[in-house]
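Okay, here we've got a single chain as structure tokens, the form predicted on its own, with questions on binding and movement later.
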Amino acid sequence: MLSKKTKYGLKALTYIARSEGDAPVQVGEIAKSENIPQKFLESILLTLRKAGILGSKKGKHGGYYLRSEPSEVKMTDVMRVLEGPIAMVPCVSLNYYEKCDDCPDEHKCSVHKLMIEVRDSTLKVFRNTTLEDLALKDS
């Protein structure tokens, strides 16, 4: 299941991508518009800033802004920052691989084979979806 952190992060990024002009978007504005608890949102946006997806500006007219065009922000990057590994089990993870303790031979494991298919399908969707795609839906 998608965590609230990731769901709220995607909603916030979409809101920022849809915002008019180049002015940074204030946390309170996003929280109110998207019905996200402000303190939780601040933590999520900080994570996205540390990962280089967002930039921030302090002061009266401060807030958050995208560091790249929405068309350049791939969902694989966002999901890994907010959710962690995309693979459902560590033995099929491309970036966080770990051998399963209970599996003597992963090449003969039926779960391993199935999870590779799930991972590959999920990656295909995330790699082919950008923040621009989310921002254009229902806008």
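Note that residue numbering begins at 1 and tracks the sequence as displayed. What you see is a predicted model; the values in this text were computed from it and never measured.
The form predicted in complex with a further copy of the same chain exists for this protein as well; it is not shown, and the discussion that follows is about that form.
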Can all three of E20, L66 and V81 be found with a heavy atom no more than 4.5 Å from a further copy of the same chain in the model of the complex?
no
Work out which of the listed stretches, 58-66, 41-49, 22-30, 84-92, brings a heavy atom within 4.5 angstroms of a further copy of the same chain in the model of the complex.
84-92
Verify the contact flag for E34: yes if a non-hydrogen atom of it lies within 4.5 Å of a non-hydrogen atom of a further copy of the same chain in the model of the complex, no if not.
yes
Do I53 and a further copy of the same chain come within 4.5 Å of each other in the model of the complex, heavy atoms counted?
no
Taking 4.5 angstroms as the cut-off for heavy atoms, does V73 touch a further copy of the same chain in the model of the complex?
no
So in the model of the complex, does L10 come within 4.5 Å of a further copy of the same chain, heavy atom to heavy atom?
yes
Mind listing which residues of 98-117 have a heavy atom within 4.5 Å of a further copy of the same chain in the model of the complex?
C100, D102, C103, H107, K108, C109, S110, V111, K113, L114, M115, E117
